[in-house]
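Take a look at this single chain in structure tokens; it is the form predicted on its own.
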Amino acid sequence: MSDATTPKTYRWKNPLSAWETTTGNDEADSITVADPAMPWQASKGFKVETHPVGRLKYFVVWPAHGARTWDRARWWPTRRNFLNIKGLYNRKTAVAEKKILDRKPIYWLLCLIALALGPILFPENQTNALLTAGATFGIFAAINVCWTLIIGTASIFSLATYAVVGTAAFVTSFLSIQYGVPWYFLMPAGALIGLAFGVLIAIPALRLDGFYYALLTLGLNELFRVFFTTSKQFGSASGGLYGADSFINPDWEPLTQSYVAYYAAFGLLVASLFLFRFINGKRLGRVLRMAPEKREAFAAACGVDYKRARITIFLATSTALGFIGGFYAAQYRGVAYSIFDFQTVLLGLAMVTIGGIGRAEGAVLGTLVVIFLRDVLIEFGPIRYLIIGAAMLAVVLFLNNGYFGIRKQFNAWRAKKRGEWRSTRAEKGGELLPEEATEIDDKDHLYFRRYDKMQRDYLKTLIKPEIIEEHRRQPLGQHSEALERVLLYFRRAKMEDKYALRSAGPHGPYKIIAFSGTRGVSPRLVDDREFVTLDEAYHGVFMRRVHDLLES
């Protein structure tokens, strides 16, 4: 090889001319032929500024056992297997492996264990206050998990959630005080009340939607608040209804009572999460995911009865909210009118919005944030409500779906930035984008693509009028070094889209066709031009290949 700075120049002579076997192509002026290593050196010297945009997604991978590559055990009552383990064979090592594609159950388990063991880690001087706040958190988190089923999964913008809970709590407290109903009957009675309330407000949901239905349910919440606050039998003189039977024995130590209330509310939260999993992960949830907002007509045309699915979810969650209302009355021995306040509704909406609407983890996180600010950081005074408002405003302005949507939003932003920065690196031998390269197991294919890109860049420098004229004069036979390099590249092209000639008769005329590269698929006609002689046709094919090379 000659040095890149001293290009090779000479007059080419046909070695076959000594035997007088040539047909007029005895010698030709060879154009400047540079060192073929120049494109590779230029590629290595090309640098572009890159930026870190986050690590790749990490998967836990471990060897499979024997011939089994996956575990068929399922989460009851869903069809999902544990941790969504995917079995596959590693093509590099030829070993069976398993990947955990869904790590949410692991995170849920760790968080629930942390909540269960939280009282052990509480500071001794704040144990009672934190247990009280934890009991409130468990009840409100269970309410918001059911609410997010209504707003998110069923897409029914109802603001009557706390009206259902409050009505069930007041009625069950009244039954316990007036008729001596024991505490273990209050929750089933509350569920029946919630079901009746759900039927009442589900009927308008068939006619109204969106903002109008929200106004209706908000009006119902206010009507029930006025009814209970002005009724003497429901404690209008005392600010609430108290004296119901409770599963918390008043003779116990105050700290013991707080522990029982905390773990009872924790059990209620776990039950609501199971309800969310049973509805959102089963057929009802899948049906409603086929009929999102503004695509209901398409879902109906496909035979999806989304209205029935929405009403079913609404009635199921109303029954669960009534059960929570009975639990509320049994734990606190009654209920206050504040459960109907517009402030309570707004705080509940903030809890659902902060974490992310339609996600159980979002409802739990939002409730944890709001309850911690409201009931634990009391020394902050009224400013803690401003913090809650600021957190909710930040979600609305900057996030797509709450704080649990940050990861998905960040991944979308990272993919966008990667695309932008990869496009700037396309000139650095960018025959394959990095995301394509990571999906190809045969790395020889990557190196061949890199080599092919370098060779094309080099051959483009050889396409000059001199070699085109040389090929026009003599398409077949020996050629100069520059033209021979170009022709050798054209000859080893893949059969797919490779050019050929089709003759209309024994002696022409000729047309250019391109092979499909697929067995059974006929070649396609490239254009309608006809060539009289075979040499003209060969040169026409050559010019098509040159055009493709320069455009690549």
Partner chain sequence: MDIAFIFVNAITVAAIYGLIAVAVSITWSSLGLINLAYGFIYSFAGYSAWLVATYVARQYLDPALHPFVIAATGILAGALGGILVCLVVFIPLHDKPAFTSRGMIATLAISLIGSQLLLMAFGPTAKSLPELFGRWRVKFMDITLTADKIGIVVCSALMLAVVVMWMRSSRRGLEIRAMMMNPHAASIVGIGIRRTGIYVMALTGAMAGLAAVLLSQTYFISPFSGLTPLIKGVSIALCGGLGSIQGAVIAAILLGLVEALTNKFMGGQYVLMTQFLFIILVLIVRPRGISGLLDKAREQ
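A quick note: this is a predicted structure, and the numbers were derived from the prediction, not measured. Positions refer to the first chain, counted from 1.
Another form, the form predicted together with the partner chain, is not on view; read the next lines as being about it.
Partner contact region in the predicted complex: 389 to 397, out of 467 to 475, 389 to 397, 106 to 114, 248 to 256, criterion any non-hydrogen atom within 4.5 Å of the partner chain. Residue-level contacts in the predicted complex: of 188, 123, 219, 239, one residue has a heavy atom within 4.5 Å of the partner chain, and it is 219. Among 403, 385, 278, 183, the residue placing a heavy atom within 4.5 Å of the partner chain in the predicted complex is 385. The partner chain in the predicted complex comes within 4.5 Å of no heavy atom belonging to residue 407.
Contact between residue 346 and the partner chain in the predicted complex is found at the 4.5 Å heavy atom cutoff. In the predicted complex, residue 283 stays away from the partner chain, with no heavy atom inside 4.5 Å. Residue contact check for residue 157: one or more of its heavy atoms lie within 4.5 Å of the partner chain in the predicted complex.
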